[in-house]
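The form predicted alone is given below as one chain in structure tokens.
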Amino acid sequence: MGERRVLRLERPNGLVHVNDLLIRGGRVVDPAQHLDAIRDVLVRDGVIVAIGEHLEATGADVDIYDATGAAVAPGFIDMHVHLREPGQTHKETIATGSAAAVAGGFTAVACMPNTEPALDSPALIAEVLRLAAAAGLARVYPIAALTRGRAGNELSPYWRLHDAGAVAFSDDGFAVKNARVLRQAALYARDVPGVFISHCEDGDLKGDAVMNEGARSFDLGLAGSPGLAEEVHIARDVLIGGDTKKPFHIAHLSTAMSTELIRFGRAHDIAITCEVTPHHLLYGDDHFAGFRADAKVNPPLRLERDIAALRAAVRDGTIDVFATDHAPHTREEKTQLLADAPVGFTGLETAVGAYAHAMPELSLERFVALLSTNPARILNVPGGTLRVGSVADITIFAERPWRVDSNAFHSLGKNTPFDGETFARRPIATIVGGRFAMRDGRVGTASAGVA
């Protein structure tokens, strides 16, 4: 695999084009084109130039990648990650997070603004983009703070942040507590490109909870957070979105009622989208039986009926996006007492396998739409398709069993509830702008244009 040959593509008009890369014999899955067939994909200068059967090319110094037995998809985009830089580089950096992204099959990530300081100024957005370009791996799309300092009081300068490169706005980690402030923000930013991404959690209802409120929290003697803490904010934000006509995206759904609230919004023609994480599709609150901080996350792992409802919402199209909520921390932080340990864990390098494990019945077309086509559409960023003329961001994955070993992660964060799990699907190549950023498990510089 990966044999280098000399290629030349003969076009019907007699013109000859020297190309960079031919991906041969893969199952090309592109929901945007309703394409699911064995095809070759030809790339030149970072752009898709041809898709067809038995493409033949000869020329100078062009790479052939044999994708026989694998799926070839538009590059996966994770629209909810925490890269921690600036301010928390002991947890992650943009460089290590980008390496984790391409190792996990993601050609692009959108990074949340809960850094120190928060991403609430054009200068900070520019710095994120500079660091991403220096890393030269995945594309990085900054999400700017919805309010200054994520404090929920003063509106951010939305147009200036957009012009600097922000693709969305969120106070992720916090909900905007004051509904009046959120409504004013939505009205002010109604014409600014970039969806509002809501972390829906009522801090007063949650209190000092470390897990889901229910029979297990009572048995363990741990403070629990009710599903209501999420649901009341989703209901509020859906209604504010309908009132202001500003598109909202609801992060990390975790309860059955949350999916019903999304359906309510859609039924009333409200521009609302949503995402789900792999851990909320796979694990319930029984993961706290050993008081495991690796299972501490916001929103918390819920009940079996919630897991079933989330899976049903994936199948019926209610849920638009698979997103990891990649939230790395140090081992020392996660080995503290459960009450003191931070929430979240590393997710980029396990997501493809975890999602396939949770939803093995999904068609590949739906799987790719959730990981690529829909995130690109919601964020309005390049990618999400392999149409001729599109940017050559490509994820190649295969059914190859593998075992999760957190010690081998490229991320600085080594904590994951998936450690030791065996998954059947894995990415085998990540191509960014026509260059390999990961190839057969080896991460290297893509030398491609990074957003």
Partner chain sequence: MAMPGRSLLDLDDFTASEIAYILERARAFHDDPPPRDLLRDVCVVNLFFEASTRTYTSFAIAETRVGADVVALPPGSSSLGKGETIADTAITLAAMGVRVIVTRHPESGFPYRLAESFDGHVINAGDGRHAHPTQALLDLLTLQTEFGKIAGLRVALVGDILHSRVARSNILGLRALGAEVTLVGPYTLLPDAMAREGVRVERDLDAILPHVDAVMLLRIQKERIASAVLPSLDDYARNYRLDAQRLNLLARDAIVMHPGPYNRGVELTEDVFAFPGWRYAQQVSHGVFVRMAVLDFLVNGARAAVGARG
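Bear in mind the structure is a predicted one, so any value in this text is a computation, not a measurement. Positions refer to the first chain, counted from 1.
We do not show the form predicted together with the partner chain, though everything after this point is about it.
Query raised in the report: Is there a heavy atom of Ala267 no more than 4.5 Å from a heavy atom of the partner chain in the predicted complex?
Result: Although the partner chain is absent here, Ala267 would stay clear of it in the predicted complex, with no heavy atoms inside 4.5 Å.
Query raised in the report: With the cut-off set at 4.5 Å between non-hydrogen atoms, does Gly221 touch the partner chain in the predicted complex?
Result: Residue-level check for Gly221: yes, a contact with the partner chain.
Query raised in the report: Is Thr335 one of the residues lying within 4.5 Å of the partner chain in the predicted complex, judged by heavy atom distances?
Result: Taking the distances in the predicted complex, the answer for Thr335 is yes, it comes within 4.5 Å of the partner chain.
Query raised in the report: Any chance Phe291 has a heavy atom within 4.5 Å of the partner chain in the predicted complex?
Result: Yes, Phe291 lies within 4.5 Å of the partner chain in the predicted complex.
Query raised in the report: Residues in which of 133 to 141, 338 to 346, 85 to 93, 234 to 242 have heavy atoms within 4.5 Å of the partner chain in the predicted complex?
Result: This holds for exactly one stretch, 338 to 346.
Query raised in the report: Just one of Leu228, Leu155, Ala215, Leu364 has a heavy atom within 4.5 Å of the partner chain in the predicted complex. Which one?
Result: Spelling it out, the residue with a heavy atom inside the cut-off is Ala215.
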